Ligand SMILES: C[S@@+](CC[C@H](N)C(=O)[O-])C[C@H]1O[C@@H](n2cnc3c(N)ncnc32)[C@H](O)[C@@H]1O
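The data below hold one chain only, encoded as structure tokens and taken in the form predicted alone.
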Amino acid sequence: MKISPKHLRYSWNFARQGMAHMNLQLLYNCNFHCKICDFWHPEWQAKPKLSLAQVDTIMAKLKGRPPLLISIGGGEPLLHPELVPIARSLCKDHFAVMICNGWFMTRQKARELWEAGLYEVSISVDYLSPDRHDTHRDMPGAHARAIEALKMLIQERVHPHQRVHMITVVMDDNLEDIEPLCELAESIGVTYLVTFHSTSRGRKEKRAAPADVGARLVAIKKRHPKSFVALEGYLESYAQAGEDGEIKPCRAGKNLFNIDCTGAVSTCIDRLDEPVGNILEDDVDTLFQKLSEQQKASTCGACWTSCRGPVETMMYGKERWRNFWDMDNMLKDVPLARS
């Protein structure tokens, strides 16, 4: 991967433990009714979509600050009619990635998103069995569409540094599926990630995996070092959660934050009801100061999801430098399908 001034600025800010990651919910609409999410419930559907003009305003307000890793989400981001130009706006000064369910992916859309500058796209697949995945997502055919989306994305990339991941939410009933899913990802030619389930927001079921899951996942990673690219330190650290399921302190507000589809700013996606202000209306320096204050006062440690865990794993702890070597495997160029 060619190192640009943007990469160097991001790396320097990361080494200084600055603000590095932003979650961006473009909308809350979704065609799935997943059992581990509540955004599809009626109270969320009246929310607006964040427009391209509003995204441009957000980017203008963040201009001059160190680049961020921006995770595009929702809802289902592929339902947004302005997704491609929004991705283009985000990628000018930052590194944009996206997680989606894959249902609406087409070859043309995949090509346009890569040309807009996305660095990576992850498609959610939680069970090896199509029936179990479809039932979990409450959408017949969801598994088949996800696999097809992964194939289209890997084939339509325009730069070797662009990555495609299959991503699984680790829960109490899919641990035996993790290694077979990793092998499925290998057969498609994509890499594999996991994230841990969070029950911190809404009326979701408690689906947390057992405490020994970290060691089990590390063992799988050692058997599939090239394809299973989740950070070993992130996986190992899940054992710290213990019986209460918490890992403290949480640095949301210091190293990562969230912007929702109205422009409301909060420390994380599980704290949408505690905004510090609105980036479309308020001064950014003031917002960041309030985020910092909220983080310092927080006693939460209730999740270890992929938006929080990898950032903290690489920024803090005695073995954080080991994870930078691990990250190299996630960032290595992958030859284009046409080459």
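All residue numbers refer to positions in the sequence shown, first residue = 1. Please read these numbers as outputs of a predicted model, since none were measured by experiment.
There is also a form predicted together with this ligand; it is not shown, and the following applies to it.
Colleague: May I ask you to state whether residue 76 is within 4.5 Å of this ligand in the predicted bound form, using heavy atom distances?
Modeller: Residue 76: contacts this ligand in the predicted bound form.
Colleague: If we define contact as a non-hydrogen atom of the residue within 4.5 angstroms of the partner, is residue 196 a contact of this ligand in the predicted bound form?
Modeller: Flag for residue 196 set to yes.
Colleague: Mark residue 124 yes when one of its heavy atoms lies within 4.5 Å of a heavy atom of this ligand in the predicted bound form, and no otherwise.
Modeller: Heavy-atom contact with this ligand at 4.5 Å: present for residue 124.
Colleague: Check residue 182 for me: does it contact this ligand in the predicted bound form (non-hydrogen atoms, 4.5 angstroms)?
Modeller: No, residue 182 is distant from the partner.
Colleague: Report the stretch among 282 to 290, 35 to 43, 48 to 56, 62 to 70 that approaches this ligand in the predicted bound form to within 4.5 Å, counting heavy atoms only.
Modeller: Residues of 35 to 43 come within 4.5 Å of the partner.
Colleague: Just to be sure I understand the contacts: of 147, 84, 99, 128, which is the one whose heavy atoms reach within 4.5 angstroms of this ligand in the predicted bound form?
Modeller: Looking at the other structure, the residue within range turns out to be 99.
Colleague: Counting non-hydrogen atoms within 4.5 angstroms of this ligand in the predicted bound form, say which of 220, 261, 154, 169 makes the cut.
Modeller: Only one listed residue qualifies here, and that residue is 169.
Colleague: Let me know which residues along 286 to 318 have a heavy atom within 4.5 Å of this ligand in the predicted bound form, or say none if there are none.
Modeller: Contacting residue: only 305.
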